[in-house]
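First, one chain by itself in structure tokens, the form predicted on its own.
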Amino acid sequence: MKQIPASLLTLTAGILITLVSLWVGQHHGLLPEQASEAAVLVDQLFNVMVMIATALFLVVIGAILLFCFRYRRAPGDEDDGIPIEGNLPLEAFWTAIPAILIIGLGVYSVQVFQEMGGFDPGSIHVGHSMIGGAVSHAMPSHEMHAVPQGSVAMMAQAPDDGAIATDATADLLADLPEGTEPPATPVPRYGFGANAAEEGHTPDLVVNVTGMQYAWLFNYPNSGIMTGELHIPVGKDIQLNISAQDVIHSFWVPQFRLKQDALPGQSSGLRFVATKVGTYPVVCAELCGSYHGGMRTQVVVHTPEEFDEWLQQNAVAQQQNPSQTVAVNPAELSDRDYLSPYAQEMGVSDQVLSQVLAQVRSRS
């Protein structure tokens, strides 16, 4: 039987490795369920990395096994192997392949970061636009010279210092011409902002998130609700303003594929859209102290109707005066005194309440 050409074997092995790598990249099952729009982008990047890693693993392990079998020492052979060195084409090949893979993954990851709403390095966001864009919209082009050059230079030289950036932004806003509408309220400097489709739109819900040893607090500024777990509606644009009260924490929802550090004295942000109703864990991903492992809570994704109901229930509950609740013994109240607050919340008039109480007394 004639020996099979090495080129044909190599081609066959390459096709098999490619097919196996593609299958593993799509069926590895290493990630939790997807529950946000950003999760799809992250998973695609992760699948590509798994596919490349599988191909490299098969090539390296396959070559080791092949050489161990084909070039194993024959019985009685005590000679040393043939010294081979200085194969320039081979060295260029195994240097070029990893370089191409790393550069390609780097470019792809930056693209995913931008599609997720990652901030542009060195830019300063005000409202939902970069400061330059905001000013250009707020001011006629012929008035752009009114912006002090020093302010722009300060911003350009302070890509990593949020405090300096905030000062520069305040100076720039103070120098706007009289009668010019100022840009929107500054948004967090660090984190993930709006993607291209949401850029320029006000988020549907804003929640202030505070990390402390060892809990997360969620404040809904529009309703005054303070909770220990995050409640959001599905399919809505959510903006989280994240900060820390003591040390560095990290807000991480694995099912959302989103993680953002909570920094003392520096606000950061996450803007996302949840795509699936359910309850998902919130984990602190930064070692923040002795009880770091217990710093967990959950995010509950409601349907819009359920979220409105939760919002109303908690708004009413948190409007009650705790001191009165403790001081008053319900057993000492009359039926009218006990039911009047509830009747008022439900919109029931005193006349109707009196009729109901009269009916109850007549039956007793």
Partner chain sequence: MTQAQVPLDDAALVADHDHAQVHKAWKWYHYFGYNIDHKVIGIQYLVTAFVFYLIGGLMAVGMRMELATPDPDFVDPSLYNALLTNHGTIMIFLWIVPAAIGGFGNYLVPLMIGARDMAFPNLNAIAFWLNPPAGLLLLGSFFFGGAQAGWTSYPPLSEITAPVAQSMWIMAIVLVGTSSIMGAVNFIVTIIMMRVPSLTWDKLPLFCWAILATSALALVSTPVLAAGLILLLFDINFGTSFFKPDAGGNIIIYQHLFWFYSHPAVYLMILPIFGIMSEIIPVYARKPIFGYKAIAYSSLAICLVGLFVWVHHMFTSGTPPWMRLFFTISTLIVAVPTGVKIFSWVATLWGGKIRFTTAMLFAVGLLGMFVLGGLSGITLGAAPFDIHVHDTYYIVAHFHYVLFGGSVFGLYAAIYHWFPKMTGRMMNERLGQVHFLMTFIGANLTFLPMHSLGTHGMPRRVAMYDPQFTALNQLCTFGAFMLAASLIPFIINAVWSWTRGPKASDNPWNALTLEWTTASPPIIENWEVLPVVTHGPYEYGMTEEALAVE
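Numbering follows the first chain given and starts at 1. We call the rigid core the largest set of C-alpha positions that still match within 1.5 Å between the two forms. Keep in mind it's a predicted model, so treat the numbers as computed, not measured.
Below, we refer to the form predicted in complex with the partner chain, which is not included among the displayed structures.
K.L.:
Do residue 237 and the partner chain share at least one heavy atom pair within 4.5 Å in the model of the complex?
P.N.:
Residue 237 lies outside the contact set for the partner chain.
K.L.:
With the cut-off set at 4.5 Å between non-hydrogen atoms, does residue 202 touch the partner chain in the model of the complex?
P.N.:
Answer no; every heavy atom of residue 202 is more than 4.5 Å from the partner chain in the model of the complex.
K.L.:
If we define contact as a non-hydrogen atom of the residue within 4.5 angstroms of the partner, is residue 42 a contact of the partner chain in the model of the complex?
P.N.:
Because a heavy atom of residue 42 falls inside 4.5 Å of the partner chain in the model of the complex, the answer is yes.
K.L.:
If we define contact as a non-hydrogen atom of the residue within 4.5 angstroms of the partner, is residue 191 a contact of the partner chain in the model of the complex?
P.N.:
Contact check for residue 191: yes, within 4.5 Å of the partner chain in the model of the complex.
K.L.:
Based on heavy atom distances of 4.5 Å or less, which listed stretch (272 to 280, 83 to 91, 219 to 227, 202 to 210) is in contact with the partner chain in the model of the complex?
P.N.:
Comparing against the partner chain in the model of the complex, the contact stretch is 83 to 91.
K.L.:
Only counting heavy atoms and a 4.5 Å limit, does any residue of 46 to 76 reach the partner chain in the model of the complex, and if so which ones?
P.N.:
Stretch hits, in order: 46, 49, 53, 56, 57, 60, 61, 63, 64, 67, 68, 71, 72, 73.
K.L.:
Taking the rigid core as reference, does the Cα of residue 71 move 2 Å or more between the shown form and the other one?
P.N.:
Shift of 2 Å or more: yes.
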